[in-house]
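For reference, the chain that follows is the form predicted alone, supplied as structure tokens.
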Amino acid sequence: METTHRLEWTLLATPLMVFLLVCLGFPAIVNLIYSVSDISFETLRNPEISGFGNFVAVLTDSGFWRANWFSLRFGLLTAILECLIGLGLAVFLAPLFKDRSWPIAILMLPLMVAPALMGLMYRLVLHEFAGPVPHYLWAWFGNSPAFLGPNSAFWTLAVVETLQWTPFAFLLFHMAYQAIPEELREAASIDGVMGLARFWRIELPLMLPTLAAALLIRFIDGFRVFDNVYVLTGSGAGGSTTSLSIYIYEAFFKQAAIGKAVAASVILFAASFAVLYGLNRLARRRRR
């Protein structure tokens, strides 16, 4: 019987494994070769192996570490803000959503807009000379910050990212909140546990797995941000808004340093894999 199950599993898993090897394995091998090669657009088909010079160039480049620091701050800040706001909306507006589903559709609208288009929209709205927001701030208060300037660009980008992706976190928390059995809330009410006490002691612990998943997903997405940053500010003044994705893009397309760009992406992949593997091991230990 066990042999039959193994055979069935093998037959079912083989197409998926072949697909992954073709679609992911081949590009990964090519990237590994490029990362240790002296390569240009003219020699893409015939790379010349040159050792680990590209990795040394990346790891000794201060711009690489600045891009990492920007991406880390950006990913953490936006993930925390999105989850806090999304959780608050899911919990405090739950009575409104109980009998009406149309407000949820309205809250989901930012997700329907492509990030690049969202960035373009805010670039027009916040433009220092032509944007309506700076215009009315000047008219009403006699002053307006340079939203896309070097001192404010990071916070502007974080707000734009949060406004677009908070609905995603809200949707996860809304489903998790609705999935809590009503019997638990009724039992808590009988015991006199109401309001915030019920949320902290009963509802939030049940939503913690969803909260952890939402934080991880949004951090990963924020860390690798490209669209909004590229459209709104690019690399920014002095590289102040260079995310890791933009660093790799500029190394590849603007500097034609293909080996360096691929080496940076390999380092990013290895670091991400190590973090995810560690989190998976930690989660397994906690379940035991």
Partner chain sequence: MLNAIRWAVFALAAFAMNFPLIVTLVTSFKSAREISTNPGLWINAPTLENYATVLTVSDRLNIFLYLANSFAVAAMGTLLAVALALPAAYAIVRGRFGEKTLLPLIVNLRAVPLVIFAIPIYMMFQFMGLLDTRLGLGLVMTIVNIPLVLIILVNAISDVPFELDEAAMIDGVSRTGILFKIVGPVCRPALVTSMIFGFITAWNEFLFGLMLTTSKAVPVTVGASFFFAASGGGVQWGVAAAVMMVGALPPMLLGLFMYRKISGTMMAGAVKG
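Computed from a predicted model, the values in this text were never measured in an experiment. Residue numbers count along the first chain shown, from 1.
There is another form of the same protein, the form predicted together with the partner chain; it is not shown, and what comes next is about it.
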property: Which of 188 to 196, 103 to 111, 71 to 79, 144 to 152 lines the interface with the partner chain in the predicted complex (heavy atom within 4.5 Å); result: 103 to 111
property: Position in contact with the partner chain when the complex is considered in the predicted complex, options 215, 158, 172, 202, heavy atoms within 4.5 Å; result: 172
property: Among the candidates 33, 256, 220, 56, the residue which, in the predicted complex, approaches the partner chain to within 4.5 Å (heavy atoms); result: 220
property: Exercise: residue 261 in contact with the partner chain in the predicted complex, heavy atom 4.5 Å; result: yes
property: Partner contact for residue 184 in the predicted complex: the partner chain, 4.5 angstroms, heavy atom; result: no
property: is_contact(residue 52, the partner chain) in the predicted complex, heavy atom dist at most 4.5 Å; result: no
property: Contact of residue 136 with the partner chain in the predicted complex (heavy atom, 4.5 Å); result: yes
property: Full three-residue contact with the partner chain in the predicted complex, heavy atom 4.5 Å, for 13, 116 and 231; result: yes
